[in-house]
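Two separate entries follow, structure 1 and structure 2, each one form of the same protein chain as C-alpha cells.
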Structure 1
C-alpha cells in the first residue's frame, strides 16, 4: 500500500452572542424556544420586508477577525447566496462573498507535544443562519427560529493532516471565541458548528485531490472520528482501483457511520449577487482602531508571559489560561500576594478548581475574590492559620462573603503561637507518655513527629506546628 496523507480543511459556523438577530429585532438565541415562536416578517422571509443590519454583529465579527490576525476590511458588502431548501424561506441566504469583514488570518495551535502548527484562514465573513429541519413520524418539519441568527463563517486552508489536528483546532478556536467574548461556542446548542472537507494524496505530493464534505459533526469527538472514517474509506477506495467523487456526506454519531447525502455544490451553483437591500458596511479608521484596542491579550501570548513573568511551568500556564476569567483571577491574586506566584497557582489548580467544579461556576462568578484567596495563603505563610483551616476558609468565605481574617477571629480558628499556652499543652502530653519520653531520650528522636501530632490533637489542630516543634525539643532535652 502507498503511503497516504490526509488533507483537511474545516468550515466553521460561529454564532455571535448578540442580543438580537443580524437583520431584525428577534432575539438571537432561541435554543429553548418552541418551534417557530421566535420569528418575524423579516427573518421568516415575508414579501416586502427589508433587513436592518445589527451593528453589534459587525463589531463582534470585526473583533474576531482581528483576533484571527486577519485584516479588518474598512469596506465590506452583503450578497445573496441562492439555493432552495425548506429551511430557507427567502430562497436565498444573505452572506458575504468577495468583500467580507475579514481577509486572511491564521490560528496558531499548540499541539500535545509542545510544537506549534499554523492553520491559515481562507474565508472569514458575516452571514445569517438558516432554519433547521427534522423528521418526526416520517414527516419533515421546519423550524424557522434560527433564521437570521448572526454567524461568522470561517473556512481554513487545507492545512490540517489528521482528525486529531482538526479536533485541536476546534478546541483552541472555542477557547479563543469565549476568551474574546464573541460567542458561547457551545457545540451542543449549535453555537459552533463544523463541516470537514477531506481528501487524500500520496505523502510528499502537493496536489489537492477531489474532496468530500462531512456534515452534521456536532461534537469534537465526532469530528475526530468522522475524519478518520472518511480517510480510511478513501484510501481503501483508491487502493481497490476506485475514484473519489465530490460528495456531501452525513455523519451518524449514534452508529459512527457516514452516508451519502448529495453531490457537492460549487460556488457557481449559488449564483451570488449583491444584496440590493443592504448598503455597504463602512468602518472608519477610528472604529477599526477602537476594535483593535478592545482586543485582549490572547491565550497563547498570556501562556508565554505566565511562564516568563511568573516562573510557571508550561503545564501550569496552560491550565491557568484555559479560560480567561480564571487567568484574570490568577493575575489579580498574585498581585495581592507577597509570596511566590507558584503558591497561588497550586491553590488555584487544586482546591479552587475543585470548588469551581462543585459549584458549577467560573472564576469571575465567585464570591471568594482573588484578594480573599491571597489573604488566606498569606495567613498560612505568616503562621496565623494552618493549611487545613485555609482550605475550610474557601467555602466559608464563598458562603458568607466575609473577609477570611474576620472569620478566623470570629470562629477562633487561628493558630496557638503563645509559648506559655503551648508549654501547658506539651507538659500534659509528656506527662501522659512517660515511655515515649524515655525512648526519645534514649536516642529515638523520630518520636518527635509523634509528640507534635499529640499536641495537635489536644489543641484541635490549632497549635503552631513550627513553634510546637521548637518547644518540644527544648522540653524533651532538659
Structure 2
C-alpha cells in the first residue's frame, strides 16, 4: 500500500453571543425555549419587512476577525443567497459573499509535541442562521426561533492533516472564542458547528484530489472519528482501484457511521446578489482601531509571556492560560503577592483548581478573589498560619466572603509566635519530661524533634514551628 496523507479543511459556523438577532430585536438565544416563541415579522419573513443590522454583531464579528489575524475590512456588504427550504422563511439567506468583514487570517495551533501549526483562514463572514425543521408523526414541523441568529462562517484552507489535528483546531478555536467573549462556543448547543472537507493524496504530492464533505461533525470526538473513518474509506477505495466521488456525507454520532446525503453534482445555484435592503457596513479607521484595542492578549501570547515573565514551566503556563479568567486570576494574584510567582501557580494548579472543579465555577465566579488567595499564601510565608490552615481557609473564604485575616483572627487560627506564650508552653512540656531533658543535655540532640512534636500537641498545632525550635534550643541549652 502507498503512503497516503489526509487533507482536511473545516467549515465552522459560530453563533455570536449577541443579546438580539442580527436583523431584528428578537432574543438571539433560544436554547430550551418553546418553538416559534422568539420570532417577529422580520425574522419569520413576512412580506414588507426589512432587516436592520445589529451593531453588536458587527463588533463581535470584527473582533473575531482581528483575533484570527484577519484584516478587518473597512467596507463590507451583505448579499442574498437564494434557495428554497421551509426553515428559510424569506427564501434567501442574508450573508456576505464577495466583500466579507474579514480577509485572510490564521490560527496557530500548539501541537502535543510542542510544535506550532499554522492553519490559514480562507473565508470569514457574517450571516444569519436559518431555522430548524423536524418530522413528527409524518408531519414536517418548522421552528423559526433560530432564524436570524448571528453567525460567523469561517472556512479554513486545506491545512489540516489528521482527525487529531482537526480536533485540536476545534478545541483551540473554542478556547479562543470564549477567550475573546464573542461566543459561548458550546458545541452541544450548536454554538459551534462544523463540516469537514476530506481528501487523500500520496504523501509528498501537492495536488488536491476530489474531496467529500462531511456534515454535522458537531463534537470534538465526532471530528476525530468521522475524519478517520472517511480517510480510511477513501484509501481503501483508491487502493481497490476505485475513485473518490464528490459526495456530501452525514455523520451519525450515535452510531459512529457515515452515510451518503447527496451527490454534490446537483448543487444549487444560489444566484447571489447584493441585498438592496441593507447599506454597506462601514468601519472607520477609528472604529477598527477601537476593535483592535479591545482585543485581549491571545492565549498563545499570554502563555509565552507567563514563561518569560513569571518563570513558569511551559506545562504550568499552558494550564494557567487554558481559559482567560483563570489566567487573569493568576496575574491578579501574582500582583498582590510578594513571593515567587511559581508559588501562586502551585496553589492554583492544585487546591484552587480542585475547588473550581468541585464547585463547577470559572475563576471569575469565585468569591475567593485573587487578592485573598495572595493573602493566604503570604500569611503562610510569614509564619502567621501553617499550610494546613491555609488550605482550609480557601473554603472558608469562599463560603463566608470574609477576608482571610479576619477568619484567622476570629477563629484563632494564627500560629503562636509570641515568645512569652510559647515559652510558657515549652516550660510545661519540659517540666513533664525530666528524663528526656536529661538525655538531651547528655548529648542526645536528636530528641529535639520529639520536643517540637510535644509542643505542637500541647498547642493544637498552632505553635510556629520555626520559633518553637529556636526557643527549645535556647531553653534546653541553658
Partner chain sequence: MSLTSLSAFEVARKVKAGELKAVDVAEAALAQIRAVDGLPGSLDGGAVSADEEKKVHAFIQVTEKMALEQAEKVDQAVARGEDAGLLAGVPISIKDIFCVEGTTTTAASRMLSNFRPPYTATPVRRLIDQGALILGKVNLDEFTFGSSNESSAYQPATNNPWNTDHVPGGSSGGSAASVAAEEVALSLGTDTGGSIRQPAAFCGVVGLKPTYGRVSRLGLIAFSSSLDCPGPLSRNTRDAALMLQAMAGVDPKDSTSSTRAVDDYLSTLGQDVKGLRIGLSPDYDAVYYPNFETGELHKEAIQKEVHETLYRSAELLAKAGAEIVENVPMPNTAYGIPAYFVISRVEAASNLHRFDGVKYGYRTESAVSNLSELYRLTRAEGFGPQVKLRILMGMYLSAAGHDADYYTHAQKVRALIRQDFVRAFEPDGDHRLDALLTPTTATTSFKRKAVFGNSLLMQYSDQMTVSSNHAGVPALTIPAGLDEAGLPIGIQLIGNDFREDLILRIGHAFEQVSRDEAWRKVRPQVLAGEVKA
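For clarity, a rigid core is taken as the largest C-alpha set superposing within 1.5 Å between two forms. Numbering follows the first chain given and starts at 1. Bear in mind that the values here come from a model prediction, so they are computed numbers and not experimental data.
| message | Which number belongs to the form predicted alone, 1 or 2? | response | Of the two, structure 1 is the form predicted alone.
Does residue 13 move appreciably between structures 1 and 2, meaning a CA displacement of 2 Å or more on the superposed rigid core?
Not so; residue 13 is displaced by less than 2 Å.
Large Cα move at residue 68 between structures 1 and 2, threshold 2 Å, rigid core: It does not, since the residue 68 C-alpha is displaced less than 2 Å between structures 1 and 2 after the core fit.
Quick one: once the rigid core is lined up, does residue 459 have its C-alpha move by 2 Å or more between structures 1 and 2? Comparing the forms between structures 1 and 2, which are aligned on their rigid core, residue 459 does shift its C-alpha by 2 Å or more.
Check: Once you lay the two forms on top of each other by their rigid core, how far has the C-alpha of residue 424 moved between structures 1 and 2, in Å?
Finding: Rounded to one decimal, the shift is 5.2 Å.
(Q) After superposing on the rigid core, what is the C-alpha displacement of residue 443 between structures 1 and 2, in Å? (A) Its C-alpha moves by 8.3 Å once the cores are overlaid.
- Where the rigid core has been superposed, how far does the Cα of residue 468 end up moving between structures 1 and 2, given in Å? Here the C-alpha difference is 3.4 Å.
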